[in-house]
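What follows is one chain in structure tokens, specifically the form predicted alone.
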């Protein structure tokens, strides 16, 4: 449950330790509730905002202790809105994050006056949703293995006396809380150490979430995969004693004949590189190779909670990639579920092997479209850094829809070409395909490989290698580790589809 509450009335009469005022740049005079607070505080707000160092830039925060003043708060907090005409969801998301980051450990409760934003209707819902996301995502910490609890706000109220504020603001807050909880679910699963996040453990966590959320659930083990001819997926698990899993989650819309969207996420629980062993430095981060699958699990949780009026299927192929006597070797040939043969030139190009059979499996749901997400290539990270995922599709409309969804929720994606020339590079000399292309364009040739296993008209591939984890530098991810990138993008996209 979100710590953010929505109230109608005057923020100045609320009981909390801190009063937060949102003020823009280019402020020439105080107005509304800020002016009223200034009068009660003997000109303090004006002194800070108009004569002090606070300039109102987005995320900027000024603190002033006011215990014993004319207001029943211990602290006055000024937070910058930037250009008043450009206040959008990302501004509110960043400021929610800034408030959580600066006030955690200082106070346990705060009230935010939003009267001067004139929030009503769908705009109120969208801005409040984004604010809640910023607060909750910044409060997140992965503390399963740490006893000390990180300081955080316990209560935060958004207050306005404006007519038309309460209902849409509560709607937005509820939506933001659902999405933040789904991101936290994805982060929790992504952050698990390899020995606590093996395929059956991820499947068990997905099962528990499905029961709580009312989702359909099933998982396929080695025997079921063998019957379906999933030689590509199974081959990746040969070096590990831990059985692979194909996790399937299903959200059914209440209305008949609803559209069906399949989300396929790479759930490689630990990637040593196999026989083509990775360098030892930073290999611990290879737990994050499951993040595509974790994001799909989080997105299905959100789809159920929001009761989206479309059918959403989540498919997560999950395996370890380890060296061993039976492990894949460079030069081995495997056969996927659609009977296409693949020569394995590098065992560290394993993500595409497990996704191949999962994409073939998605056909049985007769989806209108399929989207897969995977921490697939370092090449994508080199190309786009840690600020955008790589998007590949031949469907121009689908590309535009995903790009727009990413812009709206600020989980951005950038389209890369998927031309026939890249597909040619993935054809084998003695097999239908090989799992590695040439030196250049590795992110794109990986996407071209996956296209061979898609049998629906609309498909998109998102390479999230650069955005699935970080070192805590991003404002919504102060706890470091898995970011949960993709949950908000998928939810925004699915809401638009619905």
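Keep in mind the model is a prediction, meaning the values are calculated, not measured. Numbering follows the first chain given and starts at 1.
Omitted here: the form predicted in complex with a small molecule. The next part is about that form.
- Interface membership of residue 376, defined by any non-hydrogen atom within 4.5 Å of the small molecule in the predicted bound form, is confirmed.
- Proximity of residue 448 to the small molecule in the predicted bound form: non-hydrogen atoms within 4.5 Å are absent; the residue sits far from the partner.
- Although the partner is absent here, residue 469 lies within 4.5 Å of the small molecule in the predicted bound form, judged by heavy atoms.
- Proximity of residue 341 to the small molecule in the predicted bound form falls outside the 4.5 Å heavy atom cutoff.
- Taking a 4.5 Å heavy atom cutoff to the small molecule in the predicted bound form, the contact residue among 136, 271, 357, 411 is 271.
- Taking a 4.5 Å heavy atom cutoff to the small molecule in the predicted bound form, the contact residue among 444, 462, 465, 45 is 465.
- Here the chain stands by itself, but in the predicted bound form one stretch of 292-300, 342-350, 387-395, 67-75, 342-350, has heavy atoms within 4.5 Å of the small molecule.
- Contact check for 266, 278 and 286: all three have a heavy atom within 4.5 Å of the small molecule in the predicted bound form.
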